[in-house]
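Before any questions on how it binds or moves, here is one chain, the form predicted on its own, in structure tokens.
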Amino acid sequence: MVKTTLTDVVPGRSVRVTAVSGSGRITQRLLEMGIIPGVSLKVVKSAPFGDPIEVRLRGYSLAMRRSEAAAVEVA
């Protein structure tokens, strides 16, 4: 089964987080910002070269690096 991560999502599309993979500071930071399994978020836009990307969740916007977004599995 192929995992879809936040880096695969086209701007303008909404998805639901299924898992946050990895361990360490980046994963902990993502979880602290509310990116947890079950939460819905929308990819708003990405920078001209694709990094960073802007997502909107829980009423706030968040910019994240593609390396961070790769740890977020979505459906």
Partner chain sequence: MADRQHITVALAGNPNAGKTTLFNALTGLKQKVANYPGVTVERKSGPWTLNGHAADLIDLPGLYSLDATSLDEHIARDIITGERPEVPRPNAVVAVVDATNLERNLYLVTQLFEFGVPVVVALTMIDQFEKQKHQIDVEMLSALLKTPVVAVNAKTGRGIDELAEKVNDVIGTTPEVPYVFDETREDGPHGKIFARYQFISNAVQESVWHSDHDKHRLSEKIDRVLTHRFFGLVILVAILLVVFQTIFSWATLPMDLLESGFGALSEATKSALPEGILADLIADGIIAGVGGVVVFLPQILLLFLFISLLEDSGYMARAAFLLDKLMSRIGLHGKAFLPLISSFACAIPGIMATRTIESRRDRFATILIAPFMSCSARLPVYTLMIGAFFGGQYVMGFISVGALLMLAMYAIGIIVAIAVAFVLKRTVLKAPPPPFLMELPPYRLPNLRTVVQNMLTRAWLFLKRAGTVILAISIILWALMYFPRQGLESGVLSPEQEQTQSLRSEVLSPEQEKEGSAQDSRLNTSDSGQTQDSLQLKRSFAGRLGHAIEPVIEPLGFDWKIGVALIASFAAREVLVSTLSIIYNVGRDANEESETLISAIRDEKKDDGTPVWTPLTALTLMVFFVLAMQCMSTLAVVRRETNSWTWPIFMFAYMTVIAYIAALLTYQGGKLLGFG
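Residue numbers count along the first chain shown, from 1. For clarity, every value in this text was computed on a predicted model and none was experimentally measured.
This protein has a second form, the form predicted in complex with its partner chain, left out of what is shown; the following refers to that one.
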Practice task
Report whether the minimum heavy atom distance between residue 15 and its partner chain in the predicted bound form is within 4.5 Å.
Solution key: no
Practice task
Flag residue 53 as yes or no: does it have a non-hydrogen atom within 4.5 angstroms of any non-hydrogen atom of its partner chain in the predicted bound form?
Solution key: yes
Exercise for the section: With heavy atoms only and a cut-off of 4.5 Å, decide whether residue 30 touches its partner chain in the predicted bound form. Expected result: yes
Practice task
May I ask you to state whether residue 9 is within 4.5 Å of its partner chain in the predicted bound form, using heavy atom distances?
Solution key: no
Handout entry: Partner contacts for 42-68, taking its partner chain in the predicted bound form and a 4.5 Å heavy atom cut-off
Key = 42, 45, 46, 47, 48, 49, 51, 52, 53, 54, 56, 58, 59, 60, 61, 62, 63, 64, 65, 68
